[in-house]
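First, one chain by itself in structure tokens, the form predicted on its own.
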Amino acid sequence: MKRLLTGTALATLAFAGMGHADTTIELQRFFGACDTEFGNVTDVSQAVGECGIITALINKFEADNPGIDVNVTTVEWPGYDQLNAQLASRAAPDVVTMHYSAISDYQSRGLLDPVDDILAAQGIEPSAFTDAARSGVTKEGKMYGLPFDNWTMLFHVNLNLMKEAGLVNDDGTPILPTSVDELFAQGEQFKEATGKPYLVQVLANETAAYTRALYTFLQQQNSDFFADPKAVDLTTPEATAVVELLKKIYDEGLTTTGMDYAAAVSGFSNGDGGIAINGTWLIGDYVAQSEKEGTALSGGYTVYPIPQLFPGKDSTYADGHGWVLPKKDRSPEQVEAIGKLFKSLADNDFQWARTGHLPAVQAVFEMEEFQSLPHRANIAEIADTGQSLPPEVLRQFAIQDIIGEELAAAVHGDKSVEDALETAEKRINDLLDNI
């Protein structure tokens, strides 16, 4: 009986302590799950990759703020179907990761709370963020999220294979194409010398890669394909040239085929091709691999923006990640806790930039630590050349899927280029007409 009473008393005390100790924030994010490796890491400098660094950032915040509990739910990228269901059932989290390109969809329906007052309470001025990052979260004059980064697609280069193909300058930098013709000439040279495809691409179970390539090469041609945010124009010579380029790369065997995202990421790591067209977020991981002996990238990795292949301007499609607040009731303590979390994330933006993403906080660009990160000088121009879709364009993720589906059909020969572009344009404009 004595042991029973003692156990009951202890349980009562523990329950009472739990009742008044913590303020809980429900945070939902993508970026993967890696608790086995980084679940207890609070020294963010010891973490690598998107998943590792964001996990360590939140761990550090909790360690620095023992009265606040951040309850993290990790969702499959991009997580919007789950968020939509949560909003419909009035069970949304407090904080959610969201692409800048998706914010308008939720803000225009009154589903997000502005964060201006929360940031101001922590002494965070909008001017602290880069123009690209701040504009990504600003709608109708208010900020609807904490800017976290800007990202784009890049040329990740295996210098070991490029050297084997004779495509390296005397100073060790890769010889990259500056036109469509040069791309095919170099691609054939690489293939003949190495027996491997020139490019490693995500072409299976994927829509985003096709769409981002189309946007980038249309921007390079000064194509104002969304001059009217409610109607896309894809039946143009510029769009036709892009899809014909993508199809010719596929038809001539200059790219890997049948690889989904995971296979393409590991394929480049394993030396399956010379240049991977993939995002900023992989820089940190590939740098780490290049610093290890016995890998395909050992001592032979670098990265550059996607080259300007078309006459017009140097441009690449860019987006970014932010932290948004789904509309819901929160206690004053939760609001204050979210403000502290946002300040911690902003203060540690350099650590997040180690992934390869461009910083959202302007001051990070001036940090010697940032400037000394590998290859950052190669991609610094993206701060000026990165271009997103007009913020007034709604349903950008749905549009991405439509374009990706139609372009995949054209590249694989299931549709003509003309038919694919006409169908994509009609489907998108029907979608936007019915918003």
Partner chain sequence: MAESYRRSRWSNALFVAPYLVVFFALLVFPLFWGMWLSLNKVDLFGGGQFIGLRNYARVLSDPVFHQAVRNTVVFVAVSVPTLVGLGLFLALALNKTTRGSSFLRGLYFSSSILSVTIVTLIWRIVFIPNDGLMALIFNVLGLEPIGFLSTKGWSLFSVGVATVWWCIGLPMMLLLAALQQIPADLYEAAALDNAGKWRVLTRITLPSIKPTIMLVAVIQIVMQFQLFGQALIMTNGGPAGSSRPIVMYIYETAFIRWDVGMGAAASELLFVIILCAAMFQYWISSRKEVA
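Note that the structure is a prediction, hence the values are computed from the model and not measured. Numbering follows the first chain given and starts at 1.
Same protein, other form: the form predicted in complex with the partner chain, not shown, and the subject of what follows.
Enquirer: Could you tell me which stretch in 297-305, 274-282, 82-90, 320-328 has residues with non-hydrogen atoms within 4.5 Å of the partner chain in the predicted bound form?
Expert: That would be 82-90.
Enquirer: From the list 253, 258, 126, 229, which entry has a heavy atom within 4.5 Å of the partner chain in the predicted bound form?
Expert: Residue within 4.5 Å of the partner: 258.
Enquirer: If you check 369, 401, 35, 392 against the partner chain in the predicted bound form, which one has a heavy atom within 4.5 Å?
Expert: Selected residue: 401.
Enquirer: Heavy atoms within 4.5 Å of the partner chain in the predicted bound form: does residue 262 have any?
Expert: Residue 262: contacts the partner chain in the predicted bound form.
Enquirer: Considering only heavy atoms, tell me if residue 204 and the partner chain come within 4.5 Å of each other in the predicted bound form.
Expert: Yes - in the predicted bound form, heavy atoms of residue 204 and the partner chain come within 4.5 Å of each other.
Enquirer: Flag residue 105 as yes or no: does it have a non-hydrogen atom within 4.5 angstroms of any non-hydrogen atom of the partner chain in the predicted bound form?
Expert: Yes, residue 105 sits close enough to the partner chain in the predicted bound form that at least one of its heavy atoms falls within 4.5 Å.
Enquirer: Spell out, yes or no, whether the shortest heavy atom distance between residue 409 and the partner chain in the predicted bound form is within 4.5 Å.
Expert: Because a heavy atom of residue 409 falls inside 4.5 Å of the partner chain in the predicted bound form, the answer is yes.
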